[in-house]
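Here you get one chain, nothing else, as structure tokens; it is the form predicted on its own.
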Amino acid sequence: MKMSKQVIIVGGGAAGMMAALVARRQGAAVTLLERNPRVGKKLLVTGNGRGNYTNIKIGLDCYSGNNPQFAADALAVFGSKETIAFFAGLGIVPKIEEQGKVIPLSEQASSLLDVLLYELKATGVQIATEAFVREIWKEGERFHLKVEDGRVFTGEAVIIATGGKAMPSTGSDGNGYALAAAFGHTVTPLFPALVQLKLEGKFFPQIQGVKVNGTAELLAEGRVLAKDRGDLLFANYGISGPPIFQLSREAGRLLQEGKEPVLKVNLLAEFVPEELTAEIRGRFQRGARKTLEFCLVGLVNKRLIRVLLQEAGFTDLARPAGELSVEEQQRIVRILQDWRFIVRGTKSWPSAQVTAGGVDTNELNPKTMESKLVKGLYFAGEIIDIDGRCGGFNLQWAWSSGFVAGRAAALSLLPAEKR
């Protein structure tokens, strides 16, 4: 089916490419505008380059925002099963990994981009690169989009899929929020998510690079708000690793509210406290003549030992282990399983994987992603105030919202009797 009416998509990331393909398959003429020399730059780094493109354990509890329920309709229409089937149709064989992560069997994010590019060209989507949209306005039923070099594109429907502010090197510098605001849309407060935490303490350069498989909990006012387990990586500013990324969204929210979150780390989560108490007592009895510092070698990473003991209040680390009282042994047990840090901030946008906050979902139709303020204007992906956990959930939101927006935008151009 040929149509003279045009859907213009701003942003050639995951959401924009999905929207373009779906709109084109519905018969719309589609032009995709991308500020970079090529589309899909951010897609190449997903899953550390392995292409974690969805997760089979998708649920609303995996998403955050002022109203996570907004994501329900799009995820129901185009969820992980539909995403796997969609990419299988393009040639991607899925490989399901731990925690439900799905990657291409090739283990290359570039495979996803390759098949998307092929399909975009095969279906006749017009792609304009190095087309940084500076201004959008509407006259009558048509939108006009002016790019940085002076070119103007026009169409009856526009989908803004510019991403957020995370990873600005990929082109996501937040310019889409200004485009949304120009049409009267509210943008909720923005802050980095899936990002490293900056912690209070002067000893971090001493333990930079140490990796421990443990448990991390985020506390505020004595309550545990989030918890995760996995590899924890110490850095010169604080701490990183998958569990920290999962907690960082809640930490960022608390910091935005002026609160002081606390991070609790359990370095030896394999032990219940009673078991660890017995282990420490036994080690110190057997190694009574060993120094306090040496007596912990083989239990925890030795680069951590000096810092841990100092944090537990010990100054003489050469003291014989056999001299420690029961209370002093308990101080060591506590620091090993309940090491607490004040969270002073997060790393900034270049380090973040995703943006928390965005275009207010109260101003969008969850079934179509269309603006309630401007007919024919749609949004998709990270620019919307929805963000997911680490593990393929954010890309799934890009595919889901892009699918819904692309289909709705194309169908809106059809005569009523053909929709």
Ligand SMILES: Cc1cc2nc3c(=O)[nH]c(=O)nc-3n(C[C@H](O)[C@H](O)[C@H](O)COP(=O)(O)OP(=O)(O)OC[C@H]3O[C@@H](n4cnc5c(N)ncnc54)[C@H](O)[C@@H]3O)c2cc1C
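Each residue number is its position in the shown sequence, starting from 1. For clarity, every value in this text was computed on a predicted model and none was experimentally measured.
A second form of this protein, the form predicted together with the named molecule, is not displayed here; the remarks below concern that form.
Between the named molecule and the residues G171, G238, G155, P94, the one pair within 4.5 Å by heavy atoms in the predicted complex involves G171. A heavy atom within 4.5 Å of the named molecule in the predicted complex is found for one listed residue only; from L364, I58, V354, L377, this is V354. Contact between L33 and the named molecule in the predicted complex is found at the 4.5 Å heavy atom cutoff. Within 4.5 Å of any heavy atom of the named molecule in the predicted complex lies no heavy atom of L373.
In the predicted complex, the named molecule stays beyond 4.5 Å of every heavy atom belonging to Y118.
Contact annotation: G381 falls within 4.5 Å of the named molecule in the predicted complex, judged by heavy atom distances. For the named molecule in the predicted complex, the listed stretch (155 to 163, 252 to 260, 228 to 236, 70 to 78) containing residues with heavy atoms inside 4.5 Å is 155 to 163. Contacts between stretch 137 to 156 and the named molecule, counted in the predicted complex as any heavy atom lying within 4.5 Å, involve no residue at all.
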